[in-house]
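As structure tokens, one chain now follows by itself in the form predicted alone.
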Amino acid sequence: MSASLALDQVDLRVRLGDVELAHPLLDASGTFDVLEYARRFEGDYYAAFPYAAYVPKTVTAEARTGNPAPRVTETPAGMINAIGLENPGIAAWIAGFGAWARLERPVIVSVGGNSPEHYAAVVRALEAHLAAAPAGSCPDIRGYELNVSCPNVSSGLQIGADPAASAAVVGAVRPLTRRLLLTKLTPNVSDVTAVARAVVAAGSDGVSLVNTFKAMALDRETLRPFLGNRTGGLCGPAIKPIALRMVADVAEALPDVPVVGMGGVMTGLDALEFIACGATAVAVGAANFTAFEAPRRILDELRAELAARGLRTPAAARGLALRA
């Protein structure tokens, strides 16, 4: 290990495709509401936003009411959620831009749907709006994350588990935009690299992984499924070892493709481990539910972990776990 560095000697900037980020941390879609955080913050939260880019909750072509309650439950070392992609639909979502257009970070829009045409409808509507909107009236939308991996929507799981179906979604969207295009992969497959190869071949600039693992919790009194949807997605520290392995598998299979790693990131060391497994950027999910200060704490810890190891940039750590 190299001699340690002073904190100010660490440069956290990374490039995710053609998007330059101030540091490697993003929020995982659906876990962080910028409007809610701004309401609770004393000062200008849009200027003090802790993540390098904002990934809002997944939006679909039409409004969705989501799954029946209860939707969330804690588990040992994690939580299971079954929200079901509740959202107002792309038209209403665009109409709400004025509330957070001042955000001083890039935005990567999470897009969901039941078919390639549904994904394309969202991107087409947003691209048309951005082309016609007055300057300063919209957030700085720099890319899309195609969520083919949500385990709470049966058709979403079918798309994400099928390399050809996942590639078809990318193929429908790629001609509609020149912005960064990521595809969020499900871990609920036997070979995640097969899906990763397929979406990259279809035009995805990079991949995000892993989304949650399909899981179940029982009511301890009735011994019946606790969640209204019966099953949901497991996230949190419990899934981190499997997520690290899957990120490493994809990074080795596609060494030139940007990877956003996620799954149980609670500390700066957790984030560094994903980078060591080949991730360019790291998304934080469950930790956002633990404390308002979690994003900034994890970022400070990441800087300290790099400095302690004499690593001046995240790129110096990237892939360390994959080298002989």
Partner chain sequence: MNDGSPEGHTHAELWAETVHGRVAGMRHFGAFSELEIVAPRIAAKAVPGQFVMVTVPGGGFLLRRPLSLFAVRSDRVALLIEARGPGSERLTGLETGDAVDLAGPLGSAFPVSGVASALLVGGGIGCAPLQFLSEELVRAGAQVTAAFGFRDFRAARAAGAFAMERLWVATEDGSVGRRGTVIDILAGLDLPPQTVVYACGPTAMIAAVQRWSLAAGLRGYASLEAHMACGSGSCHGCVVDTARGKLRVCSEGPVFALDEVLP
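Not measured: the values here are computed from a predicted model. Residue numbers count along the first chain shown, from 1.
The discussion below concerns the form predicted together with its partner chain, not included here.
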Using heavy atoms and a 4.5 Å limit, would one call residue 7 a contact residue for its partner chain in the predicted complex?
yes
State yes or no: in the predicted complex, is some non-hydrogen atom of residue 237 no more than 4.5 angstroms from a non-hydrogen atom of its partner chain?
yes
Just to confirm, residue 83 within 4.5 Å of its partner chain in the predicted complex by heavy atoms?
yes
Give a yes or no for residue 300: in the predicted complex, does one of its heavy atoms lie within 4.5 Å of a heavy atom belonging to its partner chain?
yes
Answer key, its partner chain contact in the predicted complex at 4.5 Å (heavy atoms) among 213, 100, 93, 226: the residue is 226
Answer key, its partner chain contact in the predicted complex at 4.5 Å (heavy atoms) among 79, 107, 248, 138: the residue is 79
State yes only if every one of 144, 175 and 178 has a non-hydrogen atom within 4.5 Å of its partner chain in the predicted complex; otherwise state no.
no
What residues in 290-308 sit within 4.5 Å of its partner chain in the predicted complex, counting heavy atoms only?
290, 291, 292, 293, 296, 299, 300, 303
